[in-house]
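Okay, here we've got a single chain as structure tokens, the form predicted alone, with questions on binding and movement later.
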Amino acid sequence: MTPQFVMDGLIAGAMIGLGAIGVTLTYSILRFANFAHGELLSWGAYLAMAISGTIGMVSTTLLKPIAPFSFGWSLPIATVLAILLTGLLALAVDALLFGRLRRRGSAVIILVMASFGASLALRSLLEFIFTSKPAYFTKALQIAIKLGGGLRATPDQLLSLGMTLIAVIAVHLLMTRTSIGRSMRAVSENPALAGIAGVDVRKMIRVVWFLGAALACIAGIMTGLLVQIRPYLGHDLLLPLFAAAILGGIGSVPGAMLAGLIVGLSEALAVQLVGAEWRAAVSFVILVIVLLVRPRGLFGRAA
């Protein structure tokens, strides 16, 4: 067993953690498991790729790699626009589907099944527009940098870890140091009481949808940059996302991130010990153990 699995696990865990934050925030506010969340990762990656390609056609200079990375300025610009578009997509899905079901007082199981349908529709639409052929932001090769202790990482991988850290700190500060964050926590505790206290519950729901979609978009772009972009990109990460959200504790941003790292490291270790074919089973095992031993997760509070 080589120590490189630690770096591989941290990188995979960072992507899982970012996506899990969106899952845990959505569940804590809306009280249902949104199985369409994984598709927001895929849509974010594809939107960024399409926008980056369009920018490159206008100005090839923006496609030239920014040393030492494998991509040009077109990708950072596309990332900002993709975050906005992915957020708008999440808001549109809520307005057209989930919002109507909430107003009708639909049961939680109806919302969950609706999220399955939304997931299939969003994934099929991606395949229709972009086909199922894998795509890449760039095909430039990178030399891994020696970090010591037998660990190696490419500049793109180190950048992804740094961006993840910045995003998590920003979300944590938003949740703990701003009026929006306090309002979101109030709605999470008791939506009816928060509404009586003057909190705009509908606005907070829109904020949660946009924030979760933005984080999913970032995670999808980084996953596409480091691996490849496929319509099933988000679907394949869905179980790890939910495992991390439950392990970290519903509603806890640091918990979701830490749990994502734990899931990523566990998967990387499983690849080293028993083979890559068992990697997908790790998230399921973690999920079952947490539900049996500590259902509220690492940082969750008892009901």
Partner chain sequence: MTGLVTTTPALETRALVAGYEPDLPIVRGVDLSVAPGELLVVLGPNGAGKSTFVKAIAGVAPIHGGSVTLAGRDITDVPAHRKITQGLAFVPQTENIFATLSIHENLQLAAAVLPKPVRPDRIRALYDRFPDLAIAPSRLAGALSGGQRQMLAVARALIVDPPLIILDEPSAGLSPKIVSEVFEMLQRINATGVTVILVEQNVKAALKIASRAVILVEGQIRHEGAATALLDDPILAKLYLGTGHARNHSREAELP
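All values reported here derive from a predicted model rather than from experimental measurement. Numbering follows the first chain given and starts at 1.
If you look for the form predicted in complex with the partner chain, you will not find it shown, but the lines that follow are about it.
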Select, from the options 190-198, 114-122, 92-100, 136-144, the stretch whose residues sit within 4.5 angstroms of the partner chain in the model of the complex by heavy atom distance. 190-198
Considering only heavy atoms, tell me if R206 and the partner chain come within 4.5 Å of each other in the model of the complex. no
Considering non-hydrogen atoms and a 4.5 Å limit, does the partner chain approach T176 in the model of the complex? yes
If you check in the model of the complex, is R182 within 4.5 Å of the partner chain, heavy atoms only? yes
In the model of the complex, does V168 have a heavy atom within 4.5 Å of the partner chain? no
Just one of A186, L159, L126, A153 has a heavy atom within 4.5 angstroms of the partner chain in the model of the complex, so which one? A186
